[in-house]
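Before any questions on how it binds or moves, here is one chain, the form predicted alone, in structure tokens.
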């Protein structure tokens, strides 16, 4: 019988890879809770208008990447492609803007893109959102959180923080008009993809990686010349704040957002690799999004990172915090006694205990070594009669006897 494989662009997570995912999530959640962000979990299924209304019909996500379908009740539904719009919908639906204003989330997202390294059709994201009155200090806080997070998982030094401003709605509109006029005048030199983007969303042309587009883009109008006083002051305050915090960054006037709800700050953490998929964390400000869903006129700023892409950049995929301990007997009649101990024991440290059942002593020791155990607790008949157990450490080869009533203490303190 032919094996049933995973759907293209999806994958099963197990072994070292799931440990790496969990390690990233663990560090992310701890940091968010430390900075007083509240966890939120939105449904994977949403009404299509949540994203068509907020992201814009011209965005790639809506126009060609969303998993959109009509269900048996004739409702237009979508598999959640990103977290921010879903969060905005949840804030308004549950009146959360009256209670909490800092949120974090994680979970699967879905986009029908061409699968490649670090990009899947079902992928996982972690993200934070700070909702409230517009203030550049909120932007600084979420960037600090990004800095801490990337530092905790050990990849911050491999990345460059690029930052830009899109200005407020008025400034962005003025710049869009000037940019479109410039691109139309040079449209014969643009790639076919950029010619299509030009009609729907001129800003997205600036994100093109095509060589023919790059020659045009470099001569395009600079958005800083179209910023009104409010937008200019907001961005200058943000940059001065980064300098005072000694956060390293690089200004990139071509860094934009193709989604309609973004304004003011846009930032990305990128690797130095020359490839299209070199962004591991991206964010920005989205004033007006909450109001567009019928909520209060609140601003918002946040970021999201793909877990798969983060894991690809980790220096070491193994979770070194957990120690594996195998426990087994030399006589199967003692196995039930092992289960009694496992049932009563209380473990406070990060320890994994694996109960081995099949095989003789030699095979059990071999299996324990093969799965990366730090050591073994061995129940021998002679030791059992004396209420003792053998501890064998693989790294040193040392053995010692431990009293049965000291096993819990040994695992929590001495191991």
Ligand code: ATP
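Residue numbers count along the first chain shown, from 1. Bear in mind that the values here come from a model prediction, so they are computed numbers and not experimental data.
Another form exists, predicted together with the named molecule; not displayed. Remarks below refer to it.
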property	result
Residue contact check: residue 292 to the named molecule in the predicted bound form, 4.5 Å heavy atom	no
Touches the named molecule in the predicted bound form: residue 231 (any heavy atom, 4.5 Å)	no
The named molecule contact at residue 125 in the predicted bound form, heavy atom, 4.5 Å	yes
Heavy atom of residue 111 within 4.5 Å of the named molecule in the predicted bound form	yes
Heavy atom contact within 4.5 Å of the named molecule in the predicted bound form, the stretch among 151 to 159, 113 to 121, 243 to 251, 328 to 336	113 to 121
Single option in 96, 198, 304, 255 placed near the named molecule in the predicted bound form, where near means a heavy atom within 4.5 Å	304
The unique member of 209, 340, 219, 133 whose heavy atoms fall within 4.5 Å of the named molecule in the predicted bound form	209
Heavy atom contacts to the named molecule in the predicted bound form at 4.5 Å, residues of 280 to 309 in sequence order	280, 281, 282, 304, 305, 306, 309
